[in-house]
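Shown below, as structure tokens, is a lone chain in the form predicted alone; questions about how it binds or moves come after it.
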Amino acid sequence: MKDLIKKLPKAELHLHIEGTLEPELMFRLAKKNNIYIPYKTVKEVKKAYNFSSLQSFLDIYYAGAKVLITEEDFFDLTWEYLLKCKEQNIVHTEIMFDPQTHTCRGVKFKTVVNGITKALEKAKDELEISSFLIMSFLRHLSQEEAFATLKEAEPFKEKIIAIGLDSSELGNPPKKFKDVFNEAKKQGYKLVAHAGEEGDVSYIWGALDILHVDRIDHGIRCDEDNRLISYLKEKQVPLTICPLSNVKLKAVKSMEKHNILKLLKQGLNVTVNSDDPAYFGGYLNENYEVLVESLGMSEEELKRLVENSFKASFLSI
């Protein structure tokens, strides 16, 4: 199965580019840009990746992102991920980025988006990997700040296919961003949102009914509501599920208790993704492999999940 996982061409739909910052690159960029990080060795960084919750992860995630300063830094970050895509036979990727994580530090919006997109363009030419870019709002910030970011994105609209919503879920429900998502839809963006990772099913319903998203990122708590399961099955709303992330952040107690294959059996359009692989112990192939090891995923289930990754993508646009 491991060989088959590697052999199959795959798409990845839930990947935060800042979450691919490996400790080695973090140290290199910190030294280059003279940025202090509270770790002395790669081993220390990896020891700190023992998260107790989504928030404890985010604290380290935002600290690490501080080393990203120049266009070259964002290019290098993205290129390293794309080389990993080539290695794992990921032929299409839809990458999320969080501009507010950087603009709040004085890094210009254009620095971020130009660095990322130059790497994506190079990968298309040299690695034959297609890609789309998703701009995510940080939900712990205000809707007004999200509107300001949407405005900043206007000159780069042709580089961004969708708008997303991530960061601290609890206490920041979808309705908080109703107006800015409505405006993004008017501007022609596709819409996605994190929901039902730590938040209950009301967050998923809110993303569907209030934000009118095309895809739900995570959505693993959908099985708490039979009506929601029926809706997701009927409408084939994609769920971009991230198994290693869910367990690492304790949204699921153990991989053996993960519900992804159960949801697949129920006919939902679920997909496998790596989320923030540098922090969660594995890229896309490792997420597939752990489903074999812990849940006994069959070859048929593997192929259905891979097919779903393309079916759920924005490639049909």
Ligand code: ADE
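Residues carry their position along the shown sequence, with the first being 1. All values reported here derive from a predicted model rather than from experimental measurement.
Only in words, not in the display: the form predicted in complex with the ligand, which the text now covers.
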Legend entry - Interface segment, criterion being heavy atoms within 4.5 Å of the ligand in the predicted bound form, picked from 229-237, 193-201, 125-133, 143-151: 193-201
Legend entry - Leu249, Val290, Val67, Leu263 - the one with a heavy atom within 4.5 Å of the ligand in the predicted bound form: Leu249
Inset, instruction - Could you check which residue among Thr111, Ser167, Thr117, Gln88 gets a heavy atom within 4.5 Å of the ligand in the predicted bound form? - result: Ser167
Inset, instruction - Spell it out for me: taking the ligand in the predicted bound form, does every residue among Tyr61, His218 and Asp276 have a heavy atom no farther than 4.5 Å from it? - result: yes
Inset, instruction - Find out whether any non-hydrogen atom of Leu268 is located within 4.5 angstroms of the ligand in the predicted bound form, and reply yes or no. - result: no
Legend entry - Proximity of Phe57 to the ligand in the predicted bound form, heavy atoms at 4.5 Å: yes
Inset, instruction - Indicate whether Ser245 is a 4.5 Å heavy atom neighbour of the ligand in the predicted bound form. - result: yes
Inset, instruction - Considering only heavy atoms, tell me if Lys10 and the ligand come within 4.5 Å of each other in the predicted bound form. - result: no
